[in-house]
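This text opens with one protein chain seen in two forms, each one given by itself as structure tokens under the names structure 1 and structure 2.
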Structure 1
Amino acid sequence: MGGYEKGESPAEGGVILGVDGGTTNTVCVCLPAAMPPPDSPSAVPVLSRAIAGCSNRNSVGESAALETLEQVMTQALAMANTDRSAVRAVCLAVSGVNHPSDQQRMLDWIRDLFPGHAKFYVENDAVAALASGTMGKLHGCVLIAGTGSIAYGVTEDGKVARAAGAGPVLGDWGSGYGIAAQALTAVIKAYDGRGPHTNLTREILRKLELSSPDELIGWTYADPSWARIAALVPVVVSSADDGDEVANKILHDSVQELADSVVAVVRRLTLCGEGHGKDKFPLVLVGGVLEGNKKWNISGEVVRCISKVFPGVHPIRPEVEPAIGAALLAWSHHRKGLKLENGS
């Protein structure tokens, strides 16, 4: 958190807030508005970091979501020894914000909380993940594959496109949930005698401490939470590593699904450039499914698939969390504004 001389308050010159609001939790970070452009992700001078619960309005309702957002921002400001009057810009990147009307309601709400001169940006949480890889620049595509999956792209002139991210009913088969549900289905099919033998049976039953595949029915009905099912992904990856054909097929299919969703977004936004279509563009890779450091490298395979279509793909693994991406986004907007005001 260096870069400041002794005696100088880091919050002097105001602060920037970046919020990554998800279904599991909500993170808010506070940066000094006057910080110089960071040389590297690790050089971002974070003043404070606060954490709260779910702020997805689809999960907890709008008023509970807004309460959580207010609480986490208030806490981050207090931890940085400052208050709302110091806030220069805020980026709220919140899951469940999909339509312009959601965005507008949230903008109206946040404007009432802060001083009149501050700037506000409300985005989908995928945008924070993108910015965490591009250091605040809004250009490129992000692929998030955790419990769910989504591909989200933005162009420099503000066009956006998404693919997948519609949840399990609508076929996010590349997601952690999708991979694990396919593995469970393969176990049931083998048990029924309508699918090939797979070592997934032994490995999944061992992991869940069950004695027979028919107990899986009770297990899934007992609590069908997507994250609980997605937690089986490491078992699928290790079974594939050990050569299980069924597990390998599931992972290959999922790689194709994930690659297809990125290709669709890149194509719609022409991120690869007009003409030969070989322009370089950033692809930020985020989420548990893409963090494989096993033999079976899911993100490596996804990039390989995409590069067959768009050789300019430039994969990036963010070194900072999405909340910092959101803060960098607000900071770079704020900085551009200052430059314009100063005529520079």
Structure 2
Amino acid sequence: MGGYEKGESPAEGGVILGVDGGTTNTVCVCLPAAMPPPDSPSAVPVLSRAIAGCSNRNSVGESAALETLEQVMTQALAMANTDRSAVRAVCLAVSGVNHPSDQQRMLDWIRDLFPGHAKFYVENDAVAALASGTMGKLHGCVLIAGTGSIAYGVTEDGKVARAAGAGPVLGDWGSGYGIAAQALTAVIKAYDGRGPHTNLTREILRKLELSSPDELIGWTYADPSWARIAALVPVVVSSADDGDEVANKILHDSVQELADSVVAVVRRLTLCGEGHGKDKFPLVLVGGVLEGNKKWNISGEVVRCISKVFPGVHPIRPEVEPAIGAALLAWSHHRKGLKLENGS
């Protein structure tokens, strides 16, 4: 990133914090509040970057989630040779923030952490992911498919809509957890004689160093954390690459679920335009499930499905991480506030 090295003192005028809090990990970046508008992704002057564990309260509980958020922000400030008094604005973009009451509870908490007149913004992590692809402009749709999944859209006049993102029980269809859980279920069904033979049995047992599908029950419930289950996705993809019919069906179904989520959001917000529905709109693609593979290009298949309904879809692979998207949002709000104070 442009202009600053880790450990340098921040520019005068304080700092901005952007936090991307996910189910797998949490990232915080620190930017100088007085930076000029970046003209490219590489021009964003990152003062520091810190990383910690899960901050999704639905996964680890509220106390542990807040502890992780405080830890990662404190670490980022220390790495930038500054402290909480220099913070001008913070955007917390955290998975599991799904309701105004979630936002308010987190706002009340963070206001007690920072002295002075800092501004705070609490969003779902999908907002930061969208901003990472649009360099801080909130317009279009984002599809996240990592441990969990969500489709989230924003219109230019601020209307929002979402689909999926309700956790593994209620609706993370097409997510890493969803894919891996289906694979584990397929192995158990095959072992019981209730489902077709699949090479997933051999490959998953080899990956987990287990000798029998019976042992999967103990392995799964010993620590049923979402990220631990989702880590089996590469096994499913490689099995599909090798021609396994069960693995291929799991991925095909997951692609359709992800595409359906985006289509639902785009349709509700008419991001594709009125009438013919062929207007161009950005679709930001984020998450490990959507990364390219040897034969199975999951993101490409998702976009292909969406384009059948909305040919104006414009896929974007972000060049900066979601934490920078969150920081750019906080910086943009801060900058607008300064302009209002100065009467410009």
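For numbering, take structure 1's sequence and count from 1. In this text, the rigid core denotes the largest set of C-alpha atoms whose superposition between the two forms falls within 1.5 Å. On a predicted model such as this, the values are computed, not experimentally measured, just so you know.
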Pick one: is 1 or 2 the form predicted on its own? 2
Superposing the larger rigid part on its C-alpha atoms, how much does the smaller part rotate between structure 1 and structure 2? Whole degrees, please. 15
After superposition on the rigid core, what is the displacement of the C-alpha atom of Ala52 between structure 1 and structure 2, in Å? 4.7
Rigid core superposed, the C-alpha shift at Glu123 between structure 1 and structure 2 in Å: 2.4
